[in-house]
Structure formats: structure tokens, C-alpha cells
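Heads up, what comes next is one protein chain in two forms, each shown on its own as C-alpha cells, labelled structure 1 and structure 2.
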Structure 1
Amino acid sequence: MAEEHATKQFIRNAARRLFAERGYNAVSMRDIAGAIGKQPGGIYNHFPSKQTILVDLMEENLTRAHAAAIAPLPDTDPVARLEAFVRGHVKHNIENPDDIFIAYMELRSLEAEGAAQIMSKRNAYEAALRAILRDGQKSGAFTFADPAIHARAILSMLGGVTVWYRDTGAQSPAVVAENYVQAVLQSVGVPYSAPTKGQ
């Protein structure tokens, strides 16, 4: 069982790298098998199709994003929740650039069933951010016009970090995240205060 789990993870890792490098349509099951030193038949024992691998990768990414940005949200005021969401989301994106690239660029490659499955999870993720924004709007802490539009604008901004961020750059992931926290807070009309040491 452990060996089967390990093989599935090898397949995921190889497919993730190849999809990010070449694009989904340019990668075959034979390419994925070759990347881990197996015959194509060995791949089909774990994933019935290349489409199944793509859906699996996107679903796994969304699960990890939820764990990073939504599950740990404090049960406090909307400002603290929004800050925590942004920090978690940016950290996840920086740590998983290939997954983020695939999540955005290969939505078009999903077939109907997989697309419905992934969009349902993406919508649930976005709904968590909208809930924070609505709570802040109702309390008077946030100022903006429409929670749904503003949530999408924030997610678009945060998603862009993988386009330019490099781990060889001058700024650490924590510093980058704080810059995004400041930008997001300013977008909802909240002054930014840097966290004290130890937070």
C-alpha cells in the first residue's frame, strides 16, 4: 500500500513538472511514464487517463490551498481574517508555482466532468474570501462596492505573485506576503500595521 502511494506521488510529481514545462496537450502518458522510469502500462494502473492526472493535481492543489489559507483562519474580526487569508494564500502560491501555473493555464484542458468538479472547489474557496469581505462590509470595517467582484480582484492580484517571484530575489516570502497584505487592506480601506515580532 505504501509502495502504491509512493508510485502515485512519483506520477503526480512528474506530470506536474511536465505539464508546467510543456503544457498539458504536449505531454503524453508515455512521457510521464518515461520521466519516472516506467512503462506506460504502469501509469494506467494508478491513473486511467492523462485527464485523471490533471484533475487529481488541480484537486490536490485546491486542498492544500484550503489548508494554507482558509482552515487556519482565526475566529476574530474580518480584518484579522483577511490578513491571515492573504498571508496563507501568498505563501501557498510561492511554495507551489507549478501547481498555480497549471491551475490557471490548464482550466481550458479540463473535460466537462473534471471541470465541474474543479470549479465547484474553486467556487467554495472564493466563497470563503467573499464571506470575509461581506462580514467586513457589514461591520463597517471595509469599504468597497461588491464582495464578489472584489474577491475576484483580490484573487487575481494574489495569483500574480508566481509570475514574478523568484527565490533568488532580495525579498523573502514573508516580506512579499506582507506587501500583499498591505495592498489588499488598502483596497478595502483599512490602514496597514506591520505585525509585531513573534506574530
Structure 2
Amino acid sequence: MAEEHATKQFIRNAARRLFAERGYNAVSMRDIAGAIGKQPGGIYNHFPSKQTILVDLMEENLTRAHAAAIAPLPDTDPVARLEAFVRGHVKHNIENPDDIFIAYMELRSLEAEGAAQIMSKRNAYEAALRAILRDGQKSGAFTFADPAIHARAILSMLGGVTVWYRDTGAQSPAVVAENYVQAVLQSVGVPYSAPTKGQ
């Protein structure tokens, strides 16, 4: 991971943008090569297959998602932890729209080996949120029926950010994050007053 040919990163960047725009199956190796001004055959000097590029992108995204939303969580009460999680998660989503889009649109484009690898990391991420919800439920801070269902409901809600955010340049990331913090906290029964309003 020390020194890497610049072309390899160009391939990653082009593939990320194209996969997000058109979908994995609608993008050809010729498309990727054309986007970086190279010939199709040359890509195989850096990745052994098209599938490998997809797995590489998803893997890297999950690593950075963990670093943004899970790793820096404070070791305090569930409310503060959930709020910090939402902020980190939304920030990562807004800053990496293509990766997020690929992450949950192209899961079924993964073949057996890659799928196992990616799902394992995904499950760890979801488990971290579930743990926060369970802690809050146990302490009486949160109100909901089923932690597993609620964790998925929250992740689905937050995942939707990137589906529409790129079309809506109107709101600033901070405002969007604020809205989601309120929506999530209220969804677990915690009252929350947004510092700013509307805008």
C-alpha cells in the first residue's frame, strides 16, 4: 500500500464515478479505459478483473465509513453516542456520494468471495449502531420496540441522503445533518430542539 502507480488510482476514480452513474453492469472496461485516456487491455496491469475493481472500491469505502462514524464515538451516554454516530455517518455520506451509492446499489453485483468479504464488514458497522440502540433501550433513554428493526430503519433513512442530496444543492451539509440528527433522535423517542430553523 506504500507506493502505487498513479494509473491505478485514476482507474479507481473513473470506475467509482461511472459505476455510480450508470451501474456496474452498464459500465464496460472500455468505458473506464476511455475515461482515463488509456486502452482497455492496460487496465489488467492494475486489476485482474472488473469484479476486483468493484470489491476494491467497496472495501475502501467501508474502511473510511468506520473511521468516520464508528471509531471516533465518545464513550458516554447513548444519546450522545447516537448523535455523534448520525453526524459522522451523514458527513461521510455527503462527502462520498458515489461510494455510498455503489455500496448499497451494487451489493448484488458481487460474486461469492467479494460478497462474503464486504458483508462481513457491513454487518460489523450495523452491529455498532445496534449496540447503541440496545444500550439506550436498556437504560430507558430510548423508546422503540425492536432494536434490529429500528437499526435498519435508521440506516435506511440515513442512506437515503445520497439518493437525493446531489440534486439539492440548496441546503448546506450542516443543515442536512441537523435535520437528520433531529429525525433520528426523535425516532427513538428523545426530544430534540434544532439550534437553527428551516433556512
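Residues are numbered by position in structure 1's sequence, first residue being 1. By rigid core we mean the largest C-alpha set that fits within 1.5 Å across both forms. Note that the coordinates shown come from a computational prediction; the quantities given were computed from them, not determined experimentally.
Engineer: Working through the pair one at a time, identify the form predicted on its own and give its number.
Structural biologist: Structure 1 is the matching one, since it is the form predicted on its own.
Engineer: Superposed on the rigid core, does the Cα of G42 end up 2 angstroms or more away between the two structures?
Structural biologist: G42: C-alpha displaced by 2 Å or more between the two structures.
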